[in-house]
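The chain below stands alone and is given as structure tokens, in the form predicted on its own.
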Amino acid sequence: MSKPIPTRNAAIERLESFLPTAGRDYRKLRNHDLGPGRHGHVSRLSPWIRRRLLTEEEVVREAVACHGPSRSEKFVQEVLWRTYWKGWLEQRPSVWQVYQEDLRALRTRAPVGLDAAVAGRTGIEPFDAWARELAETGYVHNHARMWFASIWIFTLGLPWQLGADFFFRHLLDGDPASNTLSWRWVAGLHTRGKTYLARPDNIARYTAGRFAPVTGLARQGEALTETQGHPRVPLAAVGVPEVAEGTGLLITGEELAPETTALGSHRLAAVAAGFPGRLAADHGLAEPVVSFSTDAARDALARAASHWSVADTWLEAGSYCADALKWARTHGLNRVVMHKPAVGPWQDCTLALAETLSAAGIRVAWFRRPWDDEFYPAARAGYFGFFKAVAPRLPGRSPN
């Protein structure tokens, strides 16, 4: 399959082409990693969903409409993992904060074996192949991500934080919540004491024998522990604010289809978007990730300008905050509306931008989709309890 095109139209086309296989075929084949360029049996929608060029709600609605609630359930469950992870981390922001602190400390003393691992030179054939595939394509099959994380932690003995960082820097669908918490889950930190151990027979089976036999893997994986607690912080609904005269929309990187939100029916005075250079630099994002994110934001900006019939303004990477303030002043805005990002780099960046605007006397108002307001709070504990709670409220599903 070719590299994803960072536009909403391309996302919709991919969804339409995948839908016929989102039922029984997906359930049967979803765990198989057939190698680079042979991932057509899974949706590959995540780079678009991660940035909301395509929303979870749209994907779930179309899958249920195509296959019915029962046959589409496995695919729907996989889509909902993203919502679960984001809702869980949103209620426990200290996990992200501590992870970032750990990374800063680990980067000052790189452990032995790190360079070989990220370069795919460990001598463990499947692991090395996945490391190269990630660096070359920005993608690794979900099952392979679990094997890779397990080998990184339990066989190579490397810090999980550096592995999560390696993924986040290179994955086109790199999401702070999904990525960080998945690595913690493999390590036995998310579900305390429960680890995921990569087994040679499992790898051989689900890679169609491409990697067999695999030798040298850890035979056991003792769960990691941490002393830091992460208390849950209750969430308040955000919704959509009233939009008065002199309101502009600043499009951020986690909500790139703003015209499909409740804001779409309001009148706006101006729209702007960009991809902050500081976000890319602070997190060491690979060039393909920055390029995809930037082009996706440009696509969102063009659609928004057309939808609201206003001029569009691009905020340059190196002067993102300054350009945003100039944009607001140029258009005489007294209020700027922004999507409230979930915990992660975009939230950090957006809060800093809000301070800049507020200091200049420009009010900032936040919005969030009803999907997030409704489902995030249900991510209190494990995934299956979460899914049981939200399933009756999903598009196309009827309450029991």
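Keep in mind the model is a prediction, meaning the values are calculated, not measured. So that there is no doubt, residue numbering starts at 1 and follows the sequence shown.
Beyond the structure shown, there is the form predicted together with a small molecule, which is absent from this document and is the topic of what follows.
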**Report entry** One stretch from 220 to 228, 316 to 324, 71 to 79, 202 to 210 that, in the predicted complex, holds residues within 4.5 Å of the small molecule by heavy atom
**Finding:** 71 to 79
Query raised in the report: Is Leu45 close to the small molecule in the predicted complex, meaning a heavy atom pair under 4.5 Å apart or at it?
Result: yes
Query - Residue contact check: Glu254 to the small molecule in the predicted complex, 4.5 Å heavy atom - result: no
Query raised in the report: How about Ser178: is it within 4.5 Å of the small molecule in the predicted complex, going by heavy atoms?
Result: yes
Report task. Spell out, yes or no, whether the shortest heavy atom distance between Thr294 and the small molecule in the predicted complex is within 4.5 Å. Result -> no
Query raised in the report: So, Thr260, His307 and Trp308: all three within 4.5 Å of the small molecule in the predicted complex by heavy atoms, or not?
Result: no
**Report entry** Single option in Trp96, Trp88, Tyr139, Phe275 placed near the small molecule in the predicted complex, where near means a heavy atom within 4.5 Å
**Finding:** Tyr139
Query raised in the report: Pick from Trp160, Trp130, Phe154, Phe167: which residue has any heavy atom within 4.5 angstroms of the small molecule in the predicted complex?
Result: Phe167
